[in-house]
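Read the single chain below, which is given as structure tokens and is the form predicted on its own.
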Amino acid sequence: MTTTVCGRCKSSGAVTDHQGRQDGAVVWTILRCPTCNFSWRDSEPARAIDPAVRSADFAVDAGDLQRYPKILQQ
């Protein structure tokens, strides 16, 4: 099941960046959060992408993104 809730900032509305297909069927999807730019493949284990079980050490506060340094800029 593909979730559109970000595993890092818990924002909803992730967008699909790419879908892997085999024999015409979608086998995985890469999603990206427009809020914090985290991207993930829906076939990854829950501990990596599900905000309910993902380590809070890797979470960010979507309401205060300015507090995080920007390493890459577009």
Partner chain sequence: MTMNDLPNRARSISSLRDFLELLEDAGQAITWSDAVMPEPGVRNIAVAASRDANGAPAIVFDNITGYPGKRLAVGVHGSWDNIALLLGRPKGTTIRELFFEIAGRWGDQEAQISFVPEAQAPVHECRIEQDINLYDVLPVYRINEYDGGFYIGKASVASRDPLDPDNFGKQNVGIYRLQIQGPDSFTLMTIPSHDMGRQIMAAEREGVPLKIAVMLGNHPGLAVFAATPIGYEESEYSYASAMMGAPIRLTKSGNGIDILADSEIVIEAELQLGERELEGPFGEFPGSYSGVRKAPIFKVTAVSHRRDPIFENIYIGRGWTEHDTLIGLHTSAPIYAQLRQSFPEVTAVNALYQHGLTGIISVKNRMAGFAKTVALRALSTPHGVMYLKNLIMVDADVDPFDLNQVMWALSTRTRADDIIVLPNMPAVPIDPSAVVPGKGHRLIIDATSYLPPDPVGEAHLVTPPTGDEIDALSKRIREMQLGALS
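Quick caveat, the model's predicted, so the values are computed rather than measured. Numbering follows the first chain given and starts at 1.
Here the subject shifts to the form predicted in complex with its partner chain, a form of this protein not shown in this document.
inquiry  = in the predicted complex, does Arg54 come within 4.5 Å of its partner chain, counting heavy atoms only?
reply    = Contact with its partner chain, yes.
key: Residue contact check: Gly13 to its partner chain in the predicted complex, 4.5 Å heavy atom   = Judged by the heavy-atom cut-off of 4.5 Å, Gly13 is well away from its partner chain in the predicted complex.
In the predicted complex, Gly63 touching its partner chain (heavy atom, 4.5 Å) = The answer is no: Gly63 has no heavy atom within 4.5 Å of its partner chain.
query = Can you tell me which residues in 4-27 come within 4.5 angstroms of its partner chain in the predicted complex, by heavy atoms?
reply = Result: Arg8, Asp17, His18, Gly20, Arg21, Gln22, Val27.
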